[in-house]
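Included below are structure tokens for two forms of one protein chain, each presented in isolation as structure 1 and structure 2.
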Structure 1
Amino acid sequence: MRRLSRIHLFLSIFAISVAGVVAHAQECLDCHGNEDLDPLRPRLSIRADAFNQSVHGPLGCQTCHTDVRGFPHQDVHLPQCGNCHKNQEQNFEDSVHGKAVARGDNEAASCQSCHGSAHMVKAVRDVTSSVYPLNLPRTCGTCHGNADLAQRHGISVSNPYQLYMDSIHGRAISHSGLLVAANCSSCHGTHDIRTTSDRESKVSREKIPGTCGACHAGVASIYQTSTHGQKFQAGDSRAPVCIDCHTAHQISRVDTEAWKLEIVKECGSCHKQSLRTYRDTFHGQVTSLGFTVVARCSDCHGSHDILPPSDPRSSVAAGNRVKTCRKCHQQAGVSFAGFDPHADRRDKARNPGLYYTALVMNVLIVSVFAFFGLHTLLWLIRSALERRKQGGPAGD
């Protein structure tokens, strides 16, 4: 019974306090709710309905404007968000935006740039909030979609906002309204946004697999056991991470024709010799013509689970090649699977038969063209001499 009395007393005090806050806020809004309060300083005018619906509305005015005493009052200092949001303030100060503000850059993003006016801030989960997941790309795009601003501040001028909106993540947000789709903060963070060169950044090369793996956990675990993932974990800076194959903002579906053709070039950007020998094969010749009906790198080697041929788990290991070939060639046998898809006509030690065959063919082709070229030249000279003897024009 005594406990219930204490709870009732607490609730009564709380209700009285809230009533007092609301009453005081209404007194402030009696003046500041006037749109024409000061035409030269429009920010002094506050929309009462927007403030009351904001996340700060229940706090009243003096929670932030602690230096207001009496009425009428003089100009007051702008309240600091960090007075209440200390952790967010610290993260912001360490971020690329916070450092730009500290340097005096008046175009750098501040709290209000993303969250809106302090009198209109909405909760992150409010669908009308500027930082609600479905609205956040547009908010970030205000700056990062502005080519002039990007050029002035040395930001990427490739318009990451538009690239993102055209990507599989952006379309999932804008077309399908999927809250689970990655938005800007999913990869870059919220208040602690850092440059890619900062090792603490979520998008630094060292942390990319973990950042992408926060959503793509299954793929991340497969990647870690692959030859690429193992080399990356061993500190090999040349080992590819997610963005090397999928890019950063321009991520597209892997079942599109454009992706299937582009991935061959992506693999070839590191495996140059393999790309050259692949282009010499039937598979490579067909993909060069823009068709995707033949095997590409990932069809044989896998995508995230790539392993060296010496690993018995690899799809191109000796014991697995028949199975791999049968994904397309259902009648393939051991002899068929023994075909070398990367035979190199320039490598005498590895492919001596192909090397000498190619050498003979090259010599034969050069000899044929040289012989008939010389024959044609001599024939033209003889024809010209004969015509001159007969007194006719040499060109007839």
Structure 2
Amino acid sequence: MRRLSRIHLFLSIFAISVAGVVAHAQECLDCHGNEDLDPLRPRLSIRADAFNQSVHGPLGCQTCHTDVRGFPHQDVHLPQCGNCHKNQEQNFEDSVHGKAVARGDNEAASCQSCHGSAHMVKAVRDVTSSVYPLNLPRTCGTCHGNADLAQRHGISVSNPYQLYMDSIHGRAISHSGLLVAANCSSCHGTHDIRTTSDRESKVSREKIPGTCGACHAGVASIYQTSTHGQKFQAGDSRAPVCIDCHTAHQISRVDTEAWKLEIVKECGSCHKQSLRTYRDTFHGQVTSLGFTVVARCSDCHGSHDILPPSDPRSSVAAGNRVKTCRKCHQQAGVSFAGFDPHADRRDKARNPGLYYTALVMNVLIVSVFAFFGLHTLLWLIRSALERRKQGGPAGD
């Protein structure tokens, strides 16, 4: 009973104070609720209904506008968000946006750029908030969908908004309304956004596996055991992280035809020699032609779990090759698996049979066309001369 009355007392005080604040706000809105208060300074006009529904509505006016003491009032300063939102302000000041604002860059994002006017700001969980997960990409995209702006500020990705919206993450947001799908802030952070070159950034090369792994935990743990993950952990800067294969913003479903063909080239951007020799085989020719019915890199080597052939657990280790071939060629045996999927006709040591066959074929082709090329050329000239001499058809 005593406990109940205490809650009662607390609620009463709260209600009275809120009522007081609201009553006070109503007083301000008597003037500032007028749309035509000052046509030269439209920001002085506040939409009363929007303000009352905003997350700041219950705070009234004087919580922020502390320098307004009565009416008439003069010299009202712009309130600082950081007065209340201290952590956010701290993070913002260290962020790429905050530093740009401090430099006097008037295009850099401030609080209002993302959250909208303080008089209309909504809670993050509110579906009408500009920073609600499903709305955030569009909000970031107002600047980061502008190639001119990117160029002016030396941002290397000129239109990440467009790339993102076409990605599996963007489609999950825009088509499926999936709240758990990665939006801009999932990878880049919110108030603490930093450049990729900043080691503290969530999207710095060192932090990428951790950032992606925050959602893709299963894949991340497999990656850590792979040769790529091991090299990454050992500090090898050439070791690929998630974005090297999947890209950063254009991340695609892995079962689309376009991706299946693209990923072969992605592997080849580091493994140049392997891509070249793959292209010399039937598998590589068919994928190059644009069809995915044959083996691609990952069909034999795996994807997140890639291990070097020297590792007995690798799918391309000598002991596992027959099993790997049988994924497609069910009847494959030991001899079949002796086929070299990366045979090089120029490598005498690795593929002697192929090397000497290529040599013979080259000699054959060159000699046939050298001989008949000359034969044809001389014949053509002679026939033309004969025709001219006879003034008509060559006598044949």
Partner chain sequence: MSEARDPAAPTDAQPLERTQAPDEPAPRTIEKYYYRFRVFHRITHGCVMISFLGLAATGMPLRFNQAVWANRFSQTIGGFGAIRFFHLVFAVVLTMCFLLHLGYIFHLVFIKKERGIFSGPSTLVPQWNDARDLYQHFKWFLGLGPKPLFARFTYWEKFDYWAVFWGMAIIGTSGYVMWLSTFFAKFLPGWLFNVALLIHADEALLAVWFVFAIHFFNSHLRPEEFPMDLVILTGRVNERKFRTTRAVEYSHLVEQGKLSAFETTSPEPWLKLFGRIVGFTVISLGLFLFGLTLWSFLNE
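Note that the rigid core is defined as the largest set of C-alphas that superpose within 1.5 Å between two forms. Please read these numbers as outputs of a predicted model, since none were measured by experiment. Just so we're on the same page, residue numbers count up from 1 along structure 1's sequence.
Two forms of the same chain are shown on their own. Structure 1 is the form predicted alone. A movement of the C-alpha atom of residue 63 falling short of 2 angstroms is seen between structures 1 and 2 when the two forms are aligned on their rigid core.
In this overlay on the rigid core, residue 360 has a C-alpha that sits 2 Å or more away from its partner position between structures 1 and 2. Positional change of residue 52 between structures 1 and 2 stays under 2 Å at the C-alpha, relative to the superposed core.
On the core-superposed pair, the CA position of residue 377 changes by 5.4 Å between structures 1 and 2. Taking the core as the reference frame, the CA atom of residue 351 shifts 2.6 angstrom between structures 1 and 2.
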